[in-house]
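What follows is a single chain, given as structure tokens, in the form predicted alone.
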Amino acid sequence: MNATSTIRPLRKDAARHREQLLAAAVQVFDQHGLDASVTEIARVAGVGIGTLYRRFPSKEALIDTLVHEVLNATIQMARDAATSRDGTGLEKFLMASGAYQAEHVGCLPRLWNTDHEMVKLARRLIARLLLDAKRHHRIRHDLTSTDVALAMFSINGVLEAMHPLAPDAWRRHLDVLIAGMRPAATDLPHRALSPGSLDKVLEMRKSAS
């Protein structure tokens, strides 16, 4: 019983410190970018640097954990949006994911890695939302999954450029994007980016980061 009473508080403290550090990392990275120091993160979290390194052995491990959480949330948002039965799931997902990413701007430069299984799953779920929107005639028939991916990248770009002076600018941008996705009498004049080309671009972004 004594052993149990000594172990449980440590586990609770470890979980609490982890959440404190992750919340602090979101705040610090949003304000200063991914070049911010772990010393500053520990200070904002109200813990010692030793505690930070016990929870996360390196700064990269901390960033990877944050990215993992954002991707996990994105996947869940895509799954939740898929429960819509009227073809509005894609629009709901874009709005929900935009709002969530607006709260995690510091992580955006590292969000999409082509060799990450979670990214591949997210892209498959988004593609299904696209097909459902087409079946319900919510969007134009010639829209592709890479078009949606580029739309999401552009939202990220607006978030990064406008944060923190105009943190809600992405909402108007998304309104314009969705308006452009509506069904039209004529096809778009230019060819869509191929999935292979998109993968190469993402790989280049990953190498640059």
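Rigid core: the largest C-alpha set superposing within 1.5 Å between the two forms. Just so you know, these numbers come straight off a predicted model, no measurement behind them. Just count from 1 along the sequence shown to find any residue number.
There is another form of the same protein, the form predicted in complex with a further copy of the same chain; it is not shown, and what comes next is about it.
Engineer: If we take heavy atoms and a 4.5 Å cut-off, which stretch out of 49 to 57, 66 to 74, 165 to 173, 36 to 44 is in contact with a further copy of the same chain in the model of the complex?
Structural biologist: Careful reading of the contacts points to 165 to 173.
Engineer: Is it true that Arg182, Leu193 and Leu198 each have at least one non-hydrogen atom within 4.5 Å of a further copy of the same chain in the model of the complex?
Structural biologist: Heavy-atom distance to a further copy of the same chain in the model of the complex: all three under 4.5 Å.
Engineer: If you check Met95, Leu121, Leu130, Val105 against a further copy of the same chain in the model of the complex, which one has a heavy atom within 4.5 Å?
Structural biologist: It is Met95 that has a heavy atom within 4.5 Å of the partner.
Engineer: Is it the case that Ala161, even though its partner is missing from this view, gets within 4.5 Å of a further copy of the same chain in the model of the complex, heavy atoms only?
Structural biologist: Close contact exists here: in the model of the complex, Ala161 approaches a further copy of the same chain to within 4.5 Å, heavy atoms only.
Engineer: Please check if Leu143 has a heavy atom lying within 4.5 Å of any heavy atom of a further copy of the same chain in the model of the complex.
Structural biologist: Leu143: yes, in contact with a further copy of the same chain in the model of the complex.
Engineer: Given that a further copy of the same chain is not shown alongside this chain, does Leu62 nevertheless sit within 4.5 Å of it in the model of the complex, heavy atom to heavy atom?
Structural biologist: Although a further copy of the same chain is absent here, Leu62 would stay clear of it in the model of the complex, with no heavy atoms inside 4.5 Å.
Engineer: How about Val28 - does it come within 4.5 Å of a further copy of the same chain in the model of the complex, if we only consider non-hydrogen atoms?
Structural biologist: Looking in the model of the complex, residue contacts with a further copy of the same chain do not include Val28, since no heavy atom lies within 4.5 Å.
Engineer: Determine, after fitting the two forms on their core, whether Leu22 shows a C-alpha shift of 2 Å or more between this form and the one not shown.
Structural biologist: No; Leu22 is a residue whose C-alpha shifts by less than 2 Å between this form and the one not shown when the cores are overlaid.
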